[in-house]
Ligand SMILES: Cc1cc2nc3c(=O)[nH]c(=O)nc-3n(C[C@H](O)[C@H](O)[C@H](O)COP(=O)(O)OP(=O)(O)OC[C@H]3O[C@@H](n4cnc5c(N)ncnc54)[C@H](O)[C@@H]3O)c2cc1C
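Next up: just one chain, as structure tokens, the form predicted on its own.
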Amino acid sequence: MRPFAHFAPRSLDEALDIFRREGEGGRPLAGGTDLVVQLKEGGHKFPYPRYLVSLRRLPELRALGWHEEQGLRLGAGLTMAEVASNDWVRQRYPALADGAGLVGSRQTMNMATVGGNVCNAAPSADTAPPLLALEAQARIVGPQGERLLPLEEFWLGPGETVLRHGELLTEFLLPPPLPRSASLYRRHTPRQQMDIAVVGVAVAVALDDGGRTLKKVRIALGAVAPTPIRARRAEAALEGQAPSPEAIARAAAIAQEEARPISDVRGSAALRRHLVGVMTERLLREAIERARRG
């Protein structure tokens, strides 16, 4: 590991001032569970940083609040353990609780942050498909001010995001869930614990008042494309339809077509595409049944 400067600001404004003052070559440091390993092993995809700016003391990144009309505010600096155990998240956004509860060991979950997991831009990130399926928006603050964008537009490729120099992801905004709705996230891994997803699938569904028609369907896939993606054609095939076994199977087959997996040491493209179909069908069935039960 080569030398670098380290700063520990106590406010968001102070952190932004450091990036302005120090110029290019800086990296934000949240939990460090990805970045520190990259620095030690030399596996980072960017030039080695001149300095790191710790985000752990910034209260602005610790927001966590629920409003019936506005939904959930989720600070990017919250740890996986905090997200997975929060009652608002568990009761109203269970897919996100599922994903956050799978990130590494207990020690990792107490260090890793939801913002860091998203900013690392790994296609296999476990919180990415749930946040996509739950239609999260990302709030970004930087030298040019503040911007809000759908999370789907946040990733550009593996390890690449829309963040410019000096910009920080501060929080996620999730709309309130509809009545008679449910969400789930599952992943397939060779090992049961402490592994990286070969395929990750998140679904969020809402039924109409009579419970006979799918009012809303969201399907998000991880580890099967350069970035986490929405299976929009599969969603459209189900919305407005009765949730029959045939309709669900048809949507799962379309999700398979929308996946763009590669073959690597963790699994072949054919295996990943097969898993997308199997997992999407299973999760849709389970989510629909949960939505029916209210």
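Numbers follow the displayed sequence, beginning with 1. Note that the structure is predicted; figures quoted are calculated from it, not measured.
In what follows, reference is made to the form predicted in complex with this ligand, a form of this protein that is not presented.
Residue contact check for Ala251: none of its heavy atoms lie within 4.5 Å of this ligand in the predicted bound form.
Among residues of the shown chain, Val37 is one whose heavy atoms approach this ligand to within 4.5 Å in the predicted bound form. Though the partner is left out of this view, Ser183 does not reach within 4.5 Å of this ligand in the predicted bound form, counting heavy atoms only. This ligand is not shown here, and in the predicted bound form it never comes within 4.5 Å of any heavy atom of Gln256.
Checked against this ligand in the predicted bound form, the residues Leu134, Ala112, Val83, Ala220 give one hit for a heavy atom within 4.5 Å, which is Ala112. Arg27 is the sole member of Arg260, Arg266, Arg233, Arg27 with a non-hydrogen atom within 4.5 Å of this ligand in the predicted bound form. None of 173-181, 201-209, 142-150, 97-105 except one has non-hydrogen atoms within 4.5 angstroms of this ligand in the predicted bound form; the exception is 97-105.
Shown without its partner, the chain has Leu61, Ala76, Met80 in segment 56-89 as residues with a non-hydrogen atom within 4.5 angstroms of this ligand in the predicted bound form.
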